[in-house]
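A single chain, nothing else alongside it, follows as structure tokens in the form predicted on its own.
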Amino acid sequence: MTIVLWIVVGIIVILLIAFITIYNGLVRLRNQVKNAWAQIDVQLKRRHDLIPNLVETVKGYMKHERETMEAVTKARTLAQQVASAGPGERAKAEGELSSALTRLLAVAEKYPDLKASQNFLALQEELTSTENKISFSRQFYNDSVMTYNNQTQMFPSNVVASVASFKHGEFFEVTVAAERETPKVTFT
């Protein structure tokens, strides 16, 4: 009878160790997803901080492009308002901001004095750098979400995830159609 008891205790200990190991792995992955989201947030904040300087620099040159300027300002305000929202809502607002910025930079091409302005060129370079960092951060975030979701959905970790209430991660997806289009390059 004692051998059976030791076998049962051994099985319980092995299951407990497996549960703890899987649980800790899921916590690590969930925290990696949160960290990746925070990195996107940092870059989006940087972009939001650059936009007013870019708008002010461009304003002096583009007196007749008020609609474009207002669209950028409105999109930035909306993006800041949804800063605490989930990835889906945030991606939509940021996509609209990206579209407005693209239109702003396209309109700026019409103004040779603006294109030659050192301040504008520096801001444009900063914005381009920030957009690249946002892109890399989104990719890392989505990779982290995929790894996390795989672990929460695959056996045996899905059992632990279900018992411990681990939720499905949400991808940061492009929702604005203009962001999916290939940019047009023209030489004039």
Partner chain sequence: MWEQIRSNQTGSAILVVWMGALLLLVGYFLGLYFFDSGIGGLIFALILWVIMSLVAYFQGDSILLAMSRARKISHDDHPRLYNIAEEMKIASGLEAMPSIYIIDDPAMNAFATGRDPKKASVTVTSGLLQKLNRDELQGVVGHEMAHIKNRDVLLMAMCSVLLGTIVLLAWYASRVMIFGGMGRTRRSSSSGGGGLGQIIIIVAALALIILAPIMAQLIYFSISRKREYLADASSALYTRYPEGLASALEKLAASTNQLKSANKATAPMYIINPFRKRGMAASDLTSTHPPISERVRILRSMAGASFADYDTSYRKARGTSKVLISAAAVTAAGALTLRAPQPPAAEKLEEVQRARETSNLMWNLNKYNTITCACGTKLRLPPSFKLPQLRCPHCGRINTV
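Residue numbers count along the first chain shown, from 1. All of these numbers come straight from a predicted model, not from anything done at the bench.
Keep in mind that the form predicted together with the partner chain is missing from the display, and what follows is about it.
- In the predicted complex, at least one heavy atom of residue 143 sits within 4.5 Å of the partner chain.
- The partner chain in the predicted complex comes within 4.5 Å of no heavy atom belonging to residue 162.
- Although the partner is absent here, residue 38 sits far enough away that none of its heavy atoms falls within 4.5 Å of the partner chain in the predicted complex.
- Using a 4.5 Å cutoff between non-hydrogen atoms, residue 133 counts as a contact of the partner chain in the predicted complex.
- Using a 4.5 Å heavy atom cutoff, none of 55, 68 and 119 lies near the partner chain in the predicted complex.
- Taking a 4.5 Å heavy atom cutoff to the partner chain in the predicted complex, the contact residue among 28, 59, 45, 34 is 28.
- Contacts between stretch 125-160 and the partner chain, counted in the predicted complex as any heavy atom lying within 4.5 Å, involve 125, 126, 128, 129, 132, 133, 136, 137, 139, 140, 143, 146, 147, listed in sequence order.
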